[in-house]
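Shown below, as structure tokens, is a lone chain in the form predicted alone; questions about how it binds or moves come after it.
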């Protein structure tokens, strides 16, 4: 068995099997850990700049990969016009750089804050490093191996579909550059790590938010002096005015 057969023919199935078994086991053993274990209450500013950049960038990148996986011929047709190819490649590079900035900020946050370091596990660092390698490999590929959207649709996508058919076509990716291979293997590596760290929160997306009734939020607080002094005119009940004679008449009767 060659290294290409091991890494591209065996490792993907092994990673998926470990992810499925580990995810099911974690769900039944410790389902309340299905979250990102947010540390926002410990530090907020760096988390904002890192998390927002990371999530916007990675959502766009994953969506682009998914589109290429589902409709590769349409992507190749789109790239047939030069200016559209330039727009697609430039947009992907920008979102990739946004991912790099976000993950670096998140790593700096965990390394620089004493309170964050206290709640950071070894698996957190393993996951952050794996994500950093993955996005750097993707950006490296976009810069030094141009028109990645075209060869992704022409080489990587047929390989991925061959995995689904349980007939891996290793020759499609065996001759690709080293950094591209690292990027492909890194994706399966992240799948393998899915049940063992914070990345598992991807599986706990609250889909019920789309169809559940709206919640009514009511603030209960102690009224301040300003609230007591300010009384809207519409809130003051009307007072019936009576003449002095009417009042005297009532008191004498």
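From a predicted model like this one, the values you see are computed outputs, not experimental measurements. Numbering follows the first chain given and starts at 1.
In what follows, reference is made to the form predicted in complex with ligand HEM, a form of this protein that is not presented.
Checklist entry - For the chain shown here without its partner, which stretch in 164 to 172, 70 to 78, 112 to 120, 177 to 185 has non-hydrogen atoms within 4.5 angstroms of ligand HEM in the model of the complex? => result Heavy atoms within 4.5 Å of ligand HEM in the model of the complex occur in 177 to 185.
Checklist entry - Does ligand HEM get within 4.5 angstroms of any non-hydrogen atom of residue 127 in the model of the complex? => result It does not: once ligand HEM is placed as it appears in the model of the complex, residue 127 has no heavy atom within 4.5 Å of it.
Item to check | 4.5 Å heavy atom contact, residue 105 and ligand HEM in the model of the complex | outcome: Contact with ligand HEM, no.
Checklist entry - residue 62: heavy atom within 4.5 Å of ligand HEM in the model of the complex? => result Yes, residue 62 sits close enough to ligand HEM in the model of the complex that at least one of its heavy atoms falls within 4.5 Å.
Next on the checklist: When the contact criterion is heavy atoms within 4.5 Å, does residue 151 count as touching ligand HEM in the model of the complex?
Outcome noted: Close contact exists here: in the model of the complex, residue 151 approaches ligand HEM to within 4.5 Å, heavy atoms only.
Item to check | Partner contacts for 120 to 137, taking ligand HEM in the model of the complex and a 4.5 Å heavy atom cut-off | outcome: If the 4.5 Å heavy-atom criterion is applied to ligand HEM in the model of the complex, 120 to 137 yields 134, 135.
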